[in-house]
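What follows is a single chain, given as structure tokens, in the form predicted on its own.
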């Protein structure tokens, strides 16, 4: 009888713990759907502070592979990716780019660029690639943030200066990334008022 009572107490404790976890996730807005891909999308957030810890090359390669798995109009794939790990370049871009100051903490950044000769809508394809990179970073336990270069000519010139891009290769965004130094929660952006069926 004591064993049965102990077993029931254990089950009750597990149920209480699971419900506490579930309510915590609901409060944070990270309730799980049971679908790994959707859970990763809903968990993604912009991370701007990083530990002084290098990111494994295998993880960087996976982020780049994810970027290149993005959809592309007519399958042109106009993207080009610059992986920057040079400390002086990261610091110089941080000083000159108004919304990329976190580059001073990051050990690496991926600059997503597009070939404007190959595609007139390069920035659309490259935006999809950049989103894939951000989602891959989230899934790998990394933090990352999109900082815009395009369409701001002054910011684009800063990136060009430190990467020697040819004239036809245009920088879309700089993505600093690394292991998060702080715990961030994703923003809840779902808004039913933004959904329209059949008409506005």
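Positions refer to the first chain, counted from 1. Everything numeric in this text was worked out from a predicted model, so none of it was measured.
FYI, the form predicted in complex with a small molecule isn't displayed, but the following is about it.
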Checklist line | Partner-proximal stretch of 51-59, 32-40, 64-72, 140-148 relative to the small molecule in the predicted complex, 4.5 angstroms, heavy atom | finding: 140-148
Check: With a 4.5 Å heavy atom cut-off, would you call residue 46 a contact of the small molecule in the predicted complex?
Finding: yes
Item checked: Contact label in the predicted complex: residue 84 to the small molecule, heavy atom within 4.5 Å -> no
Note to self: Check residue 99 for me: does it contact the small molecule in the predicted complex (non-hydrogen atoms, 4.5 angstroms)?
What the structure shows: yes
Item checked: Interface membership of residue 187, the small molecule in the predicted complex, 4.5 Å heavy atom rule -> yes
